[in-house]
Ligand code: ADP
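A lone chain, given as structure tokens: the form predicted on its own.
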Amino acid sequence: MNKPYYHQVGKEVQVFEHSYKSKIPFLLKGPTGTGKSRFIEFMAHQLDKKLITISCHEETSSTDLIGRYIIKGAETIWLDGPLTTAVKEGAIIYLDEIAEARPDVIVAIHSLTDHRRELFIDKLGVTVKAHKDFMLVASFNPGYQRGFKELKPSTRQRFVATSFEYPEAKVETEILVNETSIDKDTAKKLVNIATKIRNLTELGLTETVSTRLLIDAAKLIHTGLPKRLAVHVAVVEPLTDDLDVISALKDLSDLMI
């Protein structure tokens, strides 16, 4: 596998490496599309460790992670879930958007996030000690998730945590060029559009322009789609369904590219 491209913006690489050595779980906080998943892919490659990624949602349960009995032919067999597999094999498991999962997921990982580093499999009545190379990584978006989806302080305090924000303009431009081979001038214009929209807080957007959306727009432009149309379909339309806001953002972006 080729090394994933990642542009370090702070000390996150060193912090992750020390967290891994110290066997402390790692939490990434920040809005969508700021490079959290890419960072974990990069670090798993850097450390030469298997990475298991779980995209959590409101139906994700501890059974999904730990495992379940399944019927195979005439017999019932136990099938390890991804968390159990990671614990046994010494992989890095990444629980993306952990606050979206059901509460029993948080309960299930508690004994893995303290000095015990063990997983209790209730249905088997066994406790599995984590492999020395096992690491638990999670992410959540504190700006988007409210109320019951907020991580409790007692859970957050079990992790080393780092915040991800959108990169500064120069770095984000470099990322677009590296990811898509788009020319630097067009990359700069895309970043300027993103910066402008991110500053329009009065629009009340649930999410703003992510680096991921810019990469999508750059890819479309690089393959020959007209620049303005690429921005419309890859940046503006995914942000909102409000027709007035869409119209205003299209007009704004057309002036800038």
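Counting begins at 1, following the sequence as shown. This one's a predicted model, so the numbers in the text were calculated from it and none came from an experiment.
Another form, the form predicted in complex with the named molecule, is not on view; read the next lines as being about it.
**Q** Counting only non-hydrogen atoms, choose the one of 106 to 114, 72 to 80, 175 to 183, 152 to 160 that falls within 4.5 Å of the named molecule in the predicted complex.
**A** In short, 175 to 183.
**Q** Looking at the partner-bound form in the predicted complex, is residue 33 within 4.5 Å of the named molecule by any heavy atom?
**A** Answer yes; at least one heavy atom of residue 33 falls within 4.5 Å of the named molecule in the predicted complex.
**Q** Find out whether any non-hydrogen atom of residue 193 is located within 4.5 angstroms of the named molecule in the predicted complex, and reply yes or no.
**A** No, residue 193 is distant from the partner.
**Q** Residue-level contact is defined here as any heavy atom of the residue lying within 4.5 Å of the named molecule in the predicted complex; does residue 56 satisfy this criterion?
**A** So residue 56 does not count as contacting the named molecule.
**Q** With a 4.5 Å heavy atom cut-off, would you call residue 7 a contact of the named molecule in the predicted complex?
**A** Yes, contact at 4.5 Å.
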